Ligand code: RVK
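In the block that follows, a single chain appears as structure tokens, in the form predicted alone.
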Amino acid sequence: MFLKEKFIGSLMGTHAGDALGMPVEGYQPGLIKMRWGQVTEMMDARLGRGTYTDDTEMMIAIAESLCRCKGFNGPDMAQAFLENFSPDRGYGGGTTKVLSLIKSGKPWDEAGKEVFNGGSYGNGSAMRIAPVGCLFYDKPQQLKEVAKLSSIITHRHLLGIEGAVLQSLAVAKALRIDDSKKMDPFTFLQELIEEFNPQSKEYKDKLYLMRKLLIKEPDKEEVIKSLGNDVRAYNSVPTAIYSFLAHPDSFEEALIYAVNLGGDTDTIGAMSGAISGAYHGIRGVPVYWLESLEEGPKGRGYIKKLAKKLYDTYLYINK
């Protein structure tokens, strides 16, 4: 498969997973099952069917900045977040405060210290990181550095930073794998662990548990108990990766599984979609989902063009 299709798949996969999960955000799996049986299609949400949240909006901002600057530029990326900021997309309080501080003149790499006693460890910097995983997919050390820098704009806590690094590494690894060959989830996970090499015990424990879960094929309750499904990065990034690794042959199955785990469904869906989309490419995303995604100034057509531009940026900086 052409690399360009994988770039498009990752960014559009973020949008698809975000939109699929948004209507049931905050619901636990038991309630999802009772009310809908299983979420398998785009449903009506607060902004309409197929719409995205802050997850995709901030992903767009990162891609725009990387393309414009031909790489990472802190002040420009922070400005891109401000220019794209739409409060009705559902931004968290911490990110909203940080962006307000930056708008008032606080340096891009200082504002994040002002929230949660030194920095957030939510999944806000991981949910948006797919463009970094794409642009630096074949340069893991540079990828890790850019993922860290992009995170500290809003999420300075180690656990928030490592969440962004882990997610971007997973996207990059999925991009590097030939989807025409059978993927071994255990090899993927082991190589990901070796590349990631986290400092925090939280991620080390979750990655160990993920290996055990892949062997057992457990029910949803055990996955949630082991990996989590809330907004903390260490309780959602591993869950999104597991959703992909437990369903490597189907983008659709991976996202349906991720969203029906409940909790922070839009973000777990967005992150799993970014990884699975990077592996399967845009051809792996169901057409009926794509056609349901919101259109408009920065809707699905814009995101597809932005992914192509990101690919062109990759070619430019590697010529």
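From 1 onward, residues are counted along the sequence shown. These figures come from a predicted structure and were not determined experimentally.
One more form of this protein should be noted, the form predicted in complex with this ligand, which is absent from this view; the next part is about it.
For a residue to qualify, one of its non-hydrogen atoms must sit within 4.5 Å of this ligand in the predicted bound form; all three of 55, 231 and 266 qualify.
With this ligand left out of view, the stretch that reaches within 4.5 Å of it through heavy atoms in the predicted bound form is, among 75-83, 242-250, 201-209, 109-117, 109-117. Interface membership of residue 122, defined by any non-hydrogen atom within 4.5 Å of this ligand in the predicted bound form, is confirmed.
Taking non-hydrogen atoms only, residue 127 approaches this ligand to within 4.5 angstroms in the predicted bound form. Within this chain, residue 226 is remote from the site of this ligand in the predicted bound form, having no heavy atom within 4.5 Å. Among residues of the shown chain, residue 71 is not one whose heavy atoms approach this ligand to within 4.5 Å in the predicted bound form. Along 78-110, residues 90, 91, 92, 93, 94, 95 each place a heavy atom within 4.5 Å of this ligand in the predicted bound form.
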